[in-house]
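Below you will find one chain, with nothing else, as structure tokens; this is the form predicted on its own, and questions on how it binds or moves follow later.
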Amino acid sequence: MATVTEPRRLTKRSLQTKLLIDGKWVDSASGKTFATINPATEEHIADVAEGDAVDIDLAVKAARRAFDSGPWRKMDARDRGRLITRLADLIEENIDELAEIETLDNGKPISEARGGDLPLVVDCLRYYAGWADKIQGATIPVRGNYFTYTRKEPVGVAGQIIPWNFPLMMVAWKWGPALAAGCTIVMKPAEQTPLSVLKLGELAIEAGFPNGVINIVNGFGETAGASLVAHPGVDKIAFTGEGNTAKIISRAAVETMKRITFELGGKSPNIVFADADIDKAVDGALLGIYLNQGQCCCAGSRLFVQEEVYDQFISRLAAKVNARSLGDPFDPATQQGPQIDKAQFDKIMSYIAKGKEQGATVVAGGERFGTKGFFIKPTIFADVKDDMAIACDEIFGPVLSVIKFKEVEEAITRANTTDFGLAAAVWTRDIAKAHSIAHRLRAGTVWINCYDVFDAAAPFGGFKRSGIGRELGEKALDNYTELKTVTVSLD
């Protein structure tokens, strides 16, 4: 594995650190700031304005004005689409700088940020730009001499709370459908990764969005996030993150009857049959668990392998994992960077310890890498039982549990034995079997002979504890629209 080298630095002048409220960059009302840390070096990057209830109130009022009486409400849908397209174009023009900020603040390899995340960001925004003038109602043939039709109208002010694992992508997934529908936005980025989101705020201003349409308030969940959820001027909350936080949001949102959508966690089964293309399945398993250092809600962390190929599959996996390049995320050759922060690092290491204690076999990794930064060697556990902590809990790190199975029915039953239901995958050359299993897996997304394939047009979301509603595709527009029925007497 590669050694950790000193990552490059952006100049602090290129980093936006304030709050975006009503089209202006402002300090927090309290004057407070908080530090954002480089997870590869554990060094200070910048101090960022720390918003709280006062700042949230100012941002919500700005978004409210923009929605109720500003030019945004009167703007033609096609012109909204042009603004979204302009933002996508600016992101593409600034793609290298955005990738560098994302890698600096998040720690993900520059190759993933530049070659994976950002092209998907651009594509997502362009996709929703095309939807802006195609959100339509219908005419309904009701009884009597009446003309009845429906309208899809924007829900209003959308409060959006995003996580730290894919900051730029989460912005696109949230802003795209909300802006296309005609909503205004107050966004709270994750406190670990505000910098790239703030840069997108700069580009949104440059693109020409009216004041108050997009507002960004950095801060913590207990203060800024809670205030956003509780604010009576917010019509809808969209949250991506952890299930316990979603429960808190759900209880708080009841007070004002806000619309809510949640994209939450997973413990996704990745099922490999003996008749699969083993080489492709090995590569798919690696992508499924180690993308973004395992910090992915749909990570294929439970790898079910049929017993006939179990030993050879683990052997091939281990060989590739041991050759994986881990180190400086700014090195284009690096395949795995650090975990996001010390808290996440400690959580993952505690689960690795539990796996060892409960009798699973470490085949690869299982320990820290280096002495500086939050690096963990990509880890494989064999001989994993379904009731072990590493097989039950969402670890959100580069820890793979490999589980042996015999028959199809067993694989389906065990795959579904979880409270989560975000994603799953099936690897087999028998396409009829693949479809049959896909229909029976309790997951919002099922990949067949592939993993982590995303497209702006394909809905994404979870069954069970993995969420409410869907991101992406036409379905995401439902999150940001209300349906109005209009009936006219023709007498």
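Keep in mind the model is a prediction, meaning the values are calculated, not measured. The first residue of the shown sequence is 1; numbering continues from there.
This protein has a second form, the form predicted in complex with a small molecule, left out of what is shown; the following refers to that one.
Visitor: Is Asp346 close enough to touch the small molecule in the model of the complex, meaning at least one heavy atom pair within 4.5 Å?
Guide: No.
Visitor: Please determine whether Pro189 contacts the small molecule in the model of the complex, using a 4.5 Å cut-off between heavy atoms.
Guide: Although the small molecule is absent here, Pro189 would touch it in the model of the complex, with heavy atoms inside 4.5 Å.
Visitor: In the model of the complex, is there a heavy atom of the small molecule that lies within 4.5 Å of any heavy atom of Thr245, even though the partner is absent here?
Guide: Looking in the model of the complex, residue contacts with the small molecule include Thr245, since a heavy atom lies within 4.5 Å.
Visitor: Classify Ala226 as contacting or not contacting the small molecule in the model of the complex by the rule of any non-hydrogen atom within 4.5 angstroms, answering yes or no.
Guide: Within the cut-off, so yes.
Visitor: Among 70-78, 260-268, 309-317, 122-130, which stretch sits within 4.5 Å of the small molecule in the model of the complex, heavy atoms only?
Guide: Partner-contacting stretch among the options: 260-268.
Visitor: Between Asn165, Ser301, Thr418, Gln339, only one gets a heavy atom within 4.5 angstroms of the small molecule in the model of the complex; which residue is that?
Guide: After the contact test, the surviving option is Asn165.
Visitor: Just to confirm, with a 4.5 Å cut-off on non-hydrogen atoms, which of Asp89, Asp386, Glu202, Glu222 contacts the small molecule in the model of the complex?
Guide: Selected option: Glu222.
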